[in-house]
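Presented below, as structure tokens, is a lone chain in the form predicted on its own.
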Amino acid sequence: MRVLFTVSECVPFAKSGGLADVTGSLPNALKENGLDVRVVMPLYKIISDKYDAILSFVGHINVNVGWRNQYCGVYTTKLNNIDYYFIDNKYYFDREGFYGHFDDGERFAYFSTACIEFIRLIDFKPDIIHCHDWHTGMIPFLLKYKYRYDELYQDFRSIFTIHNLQYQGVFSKECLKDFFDLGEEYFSSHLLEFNGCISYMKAGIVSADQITTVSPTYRNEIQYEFFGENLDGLLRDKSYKLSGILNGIDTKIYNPSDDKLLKYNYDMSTIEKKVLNKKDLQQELGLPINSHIPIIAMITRLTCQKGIELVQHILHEVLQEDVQFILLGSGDSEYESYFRYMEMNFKNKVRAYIGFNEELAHKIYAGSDIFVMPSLFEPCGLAQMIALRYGTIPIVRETGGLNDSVCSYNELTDEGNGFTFHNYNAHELLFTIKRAFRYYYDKDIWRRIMSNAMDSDFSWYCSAKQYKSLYEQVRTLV
């Protein structure tokens, strides 16, 4: 079976968040399951600058973006046995950053059309086009309504994956004609209309043959008003074709026994080496070296989605304990300023690295004891899975993929790989942290929790099998 991933970002070429990790890892897992999977994405400036030497020119075509006739160059390379294609247009993609430009609606309208048209250039006709998030949401719609009489695309089937419903690609009504040359008949509540505008996310939902979300819990949550971002009614209506498949992580990259970014490698049989990584982390960040006190860590975007306000309410009280707190992340300026302030006022207990550093992230996963993710909502989350892999115990709120991957420790059965709380409430988070502290100081229990954590399997193995089954199901649709 042939599958084409259409994505706006993908590791190792371009990354701004977890979407790139997923689209970078899942194709390899599907390939191991016997599928011919290829990936197409924009040729951003960062890619052409860094990977120019390994890119081969395939050819070019012209792509219509409404009344515009735009150049579309196609480049390719093979990496880890996966074929990658890159859509080249300097006007749209030769810029700093991937998103947040004034003409994102036009840029990804062009990309959506180019993802369909470039297939005429290559020797690969997919059975399934797997589209990811709003940037590619118009692809299933165009296939269904604009290309339905084109013989080349008659047998194509589409799957649309919602990675985060909060970001929807909403643009003015005029874009319908201006970017896609589509008539007024498509501007209706059961098709593209969304609060007087058009939504690329909605386009994918209404037109794809199947919709997936990145965790089973998130699949259920987005059908309720609180999580549904004004699309909950539509998602309930389309629930017959909506499924949730939990993301995985790349267990080759995130492997404490073979992580080249760590000074000391370890697994559960050599877990005592984890404390050496703890001391190394403390030394690197200029914290007092003390292997006996717990280190609490967060690696996160600093946005309200991530529950930062809960941390703000309780961090002063947590720091009254014998504890150290490490943050790695960036985002809203008010949150960045808050953590800088806390570092200034608790110089022996708090370190805030504003920005991102891949090597430091690995060291934090390996050197910390507790990993906090108190998200308001979390479609899947990968950080908690990585923390588990490194024996760093997560404290999470029971939402989305956090709920599907972390099971609260039960002292009666010795089951559970972390600690959870239900309500979005700072006091519940504080109580859960203090509960974790109690077990931390009982080394036998803490070791069992670490063992449960490191035994958790969040490789792509199971998820890839679910996707393969879904592809086979979609392929048979008439």
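Remember, it's a predicted structure, so these values are computed and weren't measured experimentally. Don't overthink the numbering: it's just position in the shown sequence, from 1.
Beyond the structure shown, there is the form predicted in complex with alpha-D-glucopyranose, which is absent from this document and is the topic of what follows.
Site test, Ala29, Asp250 and Ile386 vs alpha-D-glucopyranose in the predicted bound form, non-hydrogen atom cutoff 4.5 Å = Checked in the predicted bound form: no contact with alpha-D-glucopyranose for any of the three.
Heavy atom to heavy atom, is Gln305 within 4.5 Å of alpha-D-glucopyranose in the predicted bound form?
-> Yes, contact at 4.5 Å.
Heavy atoms within 4.5 Å of alpha-D-glucopyranose in the predicted bound form: does Asn164 have any?
-> Although alpha-D-glucopyranose is absent here, Asn164 would touch it in the predicted bound form, with heavy atoms inside 4.5 Å.
4.5 angstroms heavy atom contact with alpha-D-glucopyranose in the predicted bound form for Gly137 | Looking in the predicted bound form, residue contacts with alpha-D-glucopyranose do not include Gly137, since no heavy atom lies within 4.5 Å.
Hey, in the predicted bound form, is Val214 touching alpha-D-glucopyranose, heavy atoms inside 4.5 Å?
-> Val214: contacts alpha-D-glucopyranose in the predicted bound form.
Pick from Gly367, Pro374, Gly391, Gly381: which residue has any heavy atom within 4.5 angstroms of alpha-D-glucopyranose in the predicted bound form?
-> Result of the distance check: Gly381.
Answer range among 267 to 275, 156 to 164, 143 to 151, 91 to 99 for contact with alpha-D-glucopyranose, defined in the predicted bound form as heavy atoms within 4.5 Å = Result for this chain: 156 to 164.
Residues in 18 to 39 with any heavy atom within 4.5 Å of alpha-D-glucopyranose in the predicted bound form = Residues within 4.5 Å: Gly18, Leu19, Val22.
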